[in-house]
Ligand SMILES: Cc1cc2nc3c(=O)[nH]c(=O)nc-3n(C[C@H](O)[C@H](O)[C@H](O)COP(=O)(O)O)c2cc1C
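One chain is shown next in structure tokens, namely the form predicted alone.
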């Protein structure tokens, strides 16, 4: 009997040392106390062990993914650790990333019955172009850090599934090549340069390439404190100078993209040396006015989270907004974008389209955003998980899953078009 109990205690001590306990959120102090206890403590520890998360095998084919979360561990295994830190991290303690996800739990669905939903139309129209889904492929920089084909694979997936795609200034594929691979319109996301003459040429280049809209990102103008990025980059022992002269890059830390080495950032290269027109301070609404005067493209602003700024955007002639906190990578507000969305909708007052992004992982998330007044929802990390795991095939699989979930939610809610989705289809949790 004593031998059996001793063996059981050794086994439980081994289980208690498992990282799965930490992953499950159990306190080490609680476990050590149980190990020092008697037979009742053994029973309690066995009960805790029964609640450990199960480590399932990773999917090996894109078509085996059941939800977007199936792609995350596969991508993490495939992507270099420093690059993963860039993708996964936020600012400070990453609390706003968690807040973005938790925000969706504040709302529940109100399913409706006995409505004919045999045919639904999930299409959305932006500036004269119609897409079959309101799920937007948001800009994510440096995609060749996650897969050799980078944005090319994503553009091809966008073409195959007919999604609106927005290309980052710091993409590792040019706007010209992205539009060619997409076979249709690609919006261009803009990080301003310290020299207006360069920013202006960048905007004009996007317009010549055929981009119908430019998305000026404003939530990083003050920089951000990317602790996870810095911490994970220290674990990477590779020689970064093959891609980045002067050592590893630190994107987003300064709020400015004026890299000295742009070998892998084609949208930052090839501009004529003109007399400099240096910016004074960080951009204000005057900068937005300049953008509007510089281009015939539609000008949207990304990073708006308040009613006041939404109203100012309309006042300055902005053509659309992205409710965004950069996926939790900008300010550490700990405020979900889905929480900010109703304020922005009120400020815009129905005059311009609104895309909401930040933490979208399920079709139900997309539905809740549209019920709160968004025109569409943007995704970032999920399609990069697909890219890092399986390339273009992975991106297409992620898009397919999200669209299937969203359209199923539409049917369960008795809505056959996006215009029918409203606040009456959701309720506070």
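A quick note: this is a predicted structure, and the numbers were derived from the prediction, not measured. Residue numbers count along the first chain shown, from 1.
In what follows, reference is made to the form predicted together with the ligand, a form of this protein that is not presented.
- Though the partner is left out of this view, residue 354 does not reach within 4.5 Å of the ligand in the predicted bound form, counting heavy atoms only.
- Mapping the unseen interface onto this chain, residue 403 falls outside it, with no heavy atom inside 4.5 Å of the ligand in the predicted bound form.
- Within 4.5 Å of some heavy atom of the ligand in the predicted bound form lies at least one heavy atom of residue 141.
- At the 4.5 Å threshold, heavy atoms of residue 363 stay clear of the ligand in the predicted bound form, well away from it.
- Only one of 147, 182, 192, 326 lies close to the ligand in the predicted bound form, with a heavy atom inside 4.5 Å, and it is 326.
- Screening 379, 62, 372, 376 for any heavy atom within 4.5 Å of the ligand in the predicted bound form leaves a single hit, 379.
- The partner is not drawn, yet in the predicted bound form one stretch among 276-284, 173-181, 342-350, 318-326 has residues with heavy atoms inside 4.5 Å of the ligand: 318-326.
- Annotated contacts: 163, 367 and 416 are all free of the ligand in the predicted bound form [non-hydrogen atom within 4.5 angstroms].
- Residues of 82-113 placing a heavy atom within 4.5 Å of the ligand in the predicted bound form, in sequence order: 86, 87.
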